[in-house]
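Before any questions on binding or motion, here is one chain by itself as structure tokens, the form predicted alone.
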């Protein structure tokens, strides 16, 4: 079976950015910022993206392009057929299915809110409305609809499905966010929101250093799609002429920029229309987006149009990420077991239909899966990929990193490899220990 590849370099970049630009940016990032001191969190988050996120992203790229395989097949092949390392890669395939099981439920909420925004169904009482639709049979039905959209794109293949879809969705997300941010910051009273978001307050960081560092680290890993094997899978379709260092830097920059834009929409809007952060909107989780921001649209002219635009952006972002999650196990079945892509997509889609429906009907299970289970799996997965890159591949990783790169990128190769070997795994162990403590 001939393995697929990206048609263009920009197609790969847009697909990778689309994978990273999901609910982590538009749902989670503003509320992690609100919970952790605003500007103090933003500064630490940006530093961790640069110091930890980009090197980790490059490690996954190296594994993917060198192996031309999914995470399980990649580690097994590069380790000389080691089943033990194959199991580490298989953990990423499993994590992708776990992620998609809760992610498609949230995607179903967003799909519902696009229609509800057009009718103004939740404008009267956003909190009561969300509480009536978040879990149950209807939530399961919308989860199925969102999952069907995801599967439709993945079944189309790398070039005809994923690349074509993300080439449209990713630019649209950015353009709409820029327009919404421009409108939000122009509202009377938006200055207080901008101040909370952008004026650095060292006092909060000094009084809450551990909690801010932990939150920023978790957000950086989540929003860059690290630890699950997405970037291994996407890089496996790359050619040798791509500079991994350049592409990785561009992807991290665009992803971080989208998260930053989301903050420029949310905080000016809430401070302008609600006078600040209420207990609901600052508390994180689904209520933050579906109650806090949704309630603000009821107070402005053309609120329904703006609400449709906002939740439309969130829907595109969620869909671009869910596509990458489903692609990981699909690539595993195609690569390792020669299953036709459409059959693999149908079978795995059916599996997630069942697991996602269970999450949609069980709020307690949803909370457990979307919180500690996923955080632990992502951190453990990335630690495994980093140790493999630094100590198993070693010089081969350095050679792959340098292929297609310019002189400046190659000069940074040795420091990158040693950070992957030592600094980054220790940092991940520290964050994992903090999460348990």
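Quick caveat, the model's predicted, so the values are computed rather than measured. Positions refer to the first chain, counted from 1.
Keep in mind that the form predicted together with a small molecule is not shown, yet the notes after this line are about it.
Engineer: Please determine, with the chain shown alone, which of 134-142, 170-178, 301-309, 218-226 has non-hydrogen atoms within 4.5 Å of the small molecule in the predicted complex.
Structural biologist: Contact criterion met by 218-226 only.
Engineer: Taking heavy atoms only, is residue 236 within 4.5 angstroms of the small molecule in the predicted complex?
Structural biologist: Although the small molecule is absent here, residue 236 would stay clear of it in the predicted complex, with no heavy atoms inside 4.5 Å.
Engineer: Can you work out whether residue 315 and the small molecule are in contact in the predicted complex, taking contact to mean some heavy atom pair no more than 4.5 Å apart?
Structural biologist: So residue 315 does not count as contacting the small molecule.
Engineer: Consider residue 103 of the chain shown here, and say whether it contacts the small molecule in the predicted complex, taking contact as heavy atoms within 4.5 Å.
Structural biologist: Within the cut-off, so yes.
Engineer: If you check in the predicted complex, is residue 99 within 4.5 Å of the small molecule, heavy atoms only?
Structural biologist: Although the small molecule is absent here, residue 99 would touch it in the predicted complex, with heavy atoms inside 4.5 Å.
Engineer: With the distance limit set at 4.5 angstroms and only heavy atoms considered, check whether 20, 25 and 324 all reach the small molecule in the predicted complex.
Structural biologist: Per the other structure, all of 20, 25 and 324 touch the small molecule.
Engineer: To verify the annotation, which of these, 117, 150, 345, 230, has a non-hydrogen atom within 4.5 Å of the small molecule in the predicted complex?
Structural biologist: It is 230.
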